[in-house]
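Below, in structure tokens: the form predicted alone, a single chain.
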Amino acid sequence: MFLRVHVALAPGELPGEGLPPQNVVVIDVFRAATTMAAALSHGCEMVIPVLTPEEARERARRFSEGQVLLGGERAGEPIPGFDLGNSPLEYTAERIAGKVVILTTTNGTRALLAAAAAGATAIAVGALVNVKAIAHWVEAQGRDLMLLCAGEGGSVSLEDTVCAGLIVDRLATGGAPLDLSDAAGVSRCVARDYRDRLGDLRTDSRWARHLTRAGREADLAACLSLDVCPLVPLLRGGAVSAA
């Protein structure tokens, strides 16, 4: 029996509802998926993705004082009045251990919520930092898969395509029989080209160049670290927590 694997290169490929029975891995390398993985690795209780800053503030009122932190960005910059931005380096154990983070970002949290609205069977969060862990989770699930690239402003992003392709390649070399869509095959080819030179994404990716101009080179280094996180963040009941 073959495991069907498709890569949605941009969020617009996801149907509004009625997704066939399959798991979805939402990928946002620069930076939301990496930030969620960092937060959970450092003891965050859960990350609640929301669409807007206004919704984040409203949700925060449901928690006790000191229990919740607001995080996120718009156009890559921290949201005024929020506790945290969207840098994985901000989400240290000292700041977020035992806390609930309510997160809103331009692309990543929107893609997560869209996958939930479409009726995905299970939803995981993937980035370069946890490619190996995601591949192991997919294999253990044994269910058809969509790798959903959050992209940038509704368009294809190189870094998310590379990450999706690395996951496909890890699955393919793991021995499981796969039925790859053409987009999955294309992503795998792109990933093979970048596998040994991920650092080139600093200049080849449009959003990476933007982050560099904004002085966020340290964020890029964190986001380009391959397989440093053993966790699989899962969206369950409206919140992201470790598997």
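Don't overthink the numbering: it's just position in the shown sequence, from 1. This is a predicted model, so every value here is computed, not measured.
Keep in mind that the form predicted together with another copy of the chain is missing from the display, and what follows is about it.
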Quiz item: in the model of the complex, which of the stretches 158-166, 82-90, 113-121, 128-136 has residues with heavy atoms within 4.5 Å of another copy of the chain?
Solution: 158-166
Quiz item: Taking 4.5 angstroms as the cut-off for heavy atoms, does residue 67 touch another copy of the chain in the model of the complex?
Solution: no
Quiz item: Contact between residue 57 and another copy of the chain in the model of the complex at 4.5 Å, heavy atoms?
Solution: no
Quiz item: Looking in the model of the complex, any heavy atom of residue 51 within 4.5 Å of another copy of the chain?
Solution: no
Quiz item: Is residue 198 a contact residue for another copy of the chain in the model of the complex, using a 4.5 Å heavy atom cut-off?
Solution: no
Self-check item: One residue of 9, 14, 229, 222 in contact with another copy of the chain, assessed in the model of the complex (non-hydrogen atom, 4.5 angstroms)
Solution: 9
Quiz item: Looking at another copy of the chain in the model of the complex, which residues in 178-207 have at least one heavy atom within 4.5 Å of it?
Solution: 179, 180, 181, 182, 183, 186, 189, 190, 193, 194, 204, 205, 206
